[in-house]
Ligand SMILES: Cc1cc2nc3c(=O)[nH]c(=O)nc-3n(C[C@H](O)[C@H](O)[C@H](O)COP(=O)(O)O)c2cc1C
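We begin with a single chain expressed as structure tokens, specifically the form predicted alone.
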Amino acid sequence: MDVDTALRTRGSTRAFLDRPVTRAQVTSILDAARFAPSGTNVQPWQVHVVAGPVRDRIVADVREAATHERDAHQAPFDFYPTTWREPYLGRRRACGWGLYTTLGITKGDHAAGLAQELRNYSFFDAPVGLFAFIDDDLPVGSWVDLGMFVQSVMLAAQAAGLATCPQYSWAAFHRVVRGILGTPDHMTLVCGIALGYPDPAAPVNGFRPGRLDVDGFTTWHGLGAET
């Protein structure tokens, strides 16, 4: 698969098949992603791969925390704006309601919404989860580097015939995850990534939010229009 195809076909997969993924497959994906760029080559990313009993314990404990003690958990950093404004508010709403419409969840159906939210904490049934960590004393540039690495992981997985879903939602339960994995306090859990084979029969996997055309986010300086 060429890079252009991987970019255009990658999406946030929210339903996976009950089909195993091997360590060799994950190693191959990470072996490609390690060539992601980073400022002065600091390579700030740390990855924990979970499967089997460890994955299942994390899923069980985080789902329990998300169900019964949600208010006691929060991410150690802001991922979304504290105050939303246009055009970002409109895009967020369009994405959210587009997803819920695809799932058949109607406005005001809080029970169905919560059930779908909790699926985040089972990696949407993917057999493998990846957790991306960064040292908490590194500045914003290293977080940008980490983002490029995560994108590289997802593109490498796409090229290998696997699917992914990047999940900031795990960051709220960083204490639970770090406690099970034994990661030190100075490592910040930035996101999880669900990894597995996509379920082609699941309607949710057909949902794709809209994207701006190039001229919607680009200002040109010096290049003339092509004829």
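None of these values were measured; they are calculated from a predicted model. When you see a residue number, it is the position in the sequence shown, counting from 1.
Form predicted in complex with this ligand: not shown, discussed below.
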Report summary line: TL;DR on 119-127, 67-75, 103-111, 134-142: the one with heavy atoms within 4.5 Å of this ligand in the model of the complex is 119-127
Query raised in the report: Any chance all of Gln167, Arg208 and Arg211 sit within 4.5 Å of this ligand in the model of the complex, going by non-hydrogen atoms?
Result: yes
Query - 4.5 angstroms heavy atom contact with this ligand in the model of the complex for Tyr88 - result: no
Query - Touches this ligand in the model of the complex: Ser12 (any heavy atom, 4.5 Å) - result: yes
Query raised in the report: Does this ligand come within 4.5 Å of any heavy atom of Cys95 in the model of the complex?
Result: yes
**Report entry** Interface membership of Trp84, this ligand in the model of the complex, 4.5 Å heavy atom rule
**Finding:** no
